[in-house]
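Next comes just one chain, in structure tokens: the form predicted on its own.
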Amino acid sequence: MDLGITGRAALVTGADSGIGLATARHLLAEGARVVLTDLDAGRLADAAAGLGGEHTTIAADLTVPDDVGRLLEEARAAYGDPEILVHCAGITGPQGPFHELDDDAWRTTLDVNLFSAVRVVRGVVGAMREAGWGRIVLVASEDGVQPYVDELPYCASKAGVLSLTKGLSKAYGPDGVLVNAVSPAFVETPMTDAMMEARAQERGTDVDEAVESFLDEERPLMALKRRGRPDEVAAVAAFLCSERASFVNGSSYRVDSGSVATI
């Protein structure tokens, strides 16, 4: 399927692994020119080494406003104003019972998962409005609508991402800037790898058994009974960046194997 984004300038955050890297790969395959960004320059360069197409990497800390500004300046110098933004940067953050989590646990998670999206969108939306065309895709989570009691900072941050998505879609849709979210569940990423390794260690099992027990006990509605693949989420994100999604605005696409119980 031709997504109609050949030559478009794209910025993908959280791009050194997982959903971000897979999304960059999809966009490059469609002919977009892609800036990949993440925290660590070395890891980012290693991740991008196998990519084809026209791309560059820029390391930046999205919790630091000046770093976001530098990132956008360098992105513009490379390919012009970003016309596409896919914001994948995020962390699980501190987990545990609500009454044991202090303010710093909340601040850290909200800063990375929500405020970094605010900063980057604020930096790109002006040029999109002026051009009369833009695509913004924010990566949320099933947790944003189906919170889990041991990871409430993460759940609240992703609920914030969903609300931000809807608000931005109303504000800038009339200008030709379409804003949507993708909400995955339990995808094979370094984030869930770390979760499963910790679970295996706690239970004295291997990672495969940890994944199986997690699916049975914590995500029983995931009908396919496996973790998702990054490319399965990236394919939806790439579609939302495209001309094919020209009437899609303010939506959250669940890529979750049925994990969310409600309609």
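From 1 onward, residues are counted along the sequence shown. Keep in mind that this is a model prediction, so the values were computed, not measured.
Beyond what is shown, the protein has a form predicted together with a small molecule; the following relates to that form.
- Looking at K158, you'd find a heavy atom of it within 4.5 angstroms of the small molecule in the model of the complex.
- In the model of the complex, the small molecule sits beyond 4.5 Å of every heavy atom of M196.
- Looking at G90, you'd find a heavy atom of it within 4.5 angstroms of the small molecule in the model of the complex.
- Contact check for P184: a heavy atom falls within 4.5 Å of the small molecule in the model of the complex.
- Contact with the small molecule in the model of the complex holds for all three of S17, T63 and T189, each having a heavy atom within 4.5 Å.
- When the small molecule is considered in the model of the complex, only one residue from R43, R203, R70, R226 comes within 4.5 Å through any heavy atom, namely R43.
- Only one of the listed residues (L221, L39, V207, A235) places a non-hydrogen atom within 4.5 angstroms of the small molecule in the model of the complex, and that residue is L39.
- Of the candidate stretches 165-173, 95-103, 136-144, 121-129, only 136-144 contains residues with a heavy atom within 4.5 Å of the small molecule in the model of the complex.
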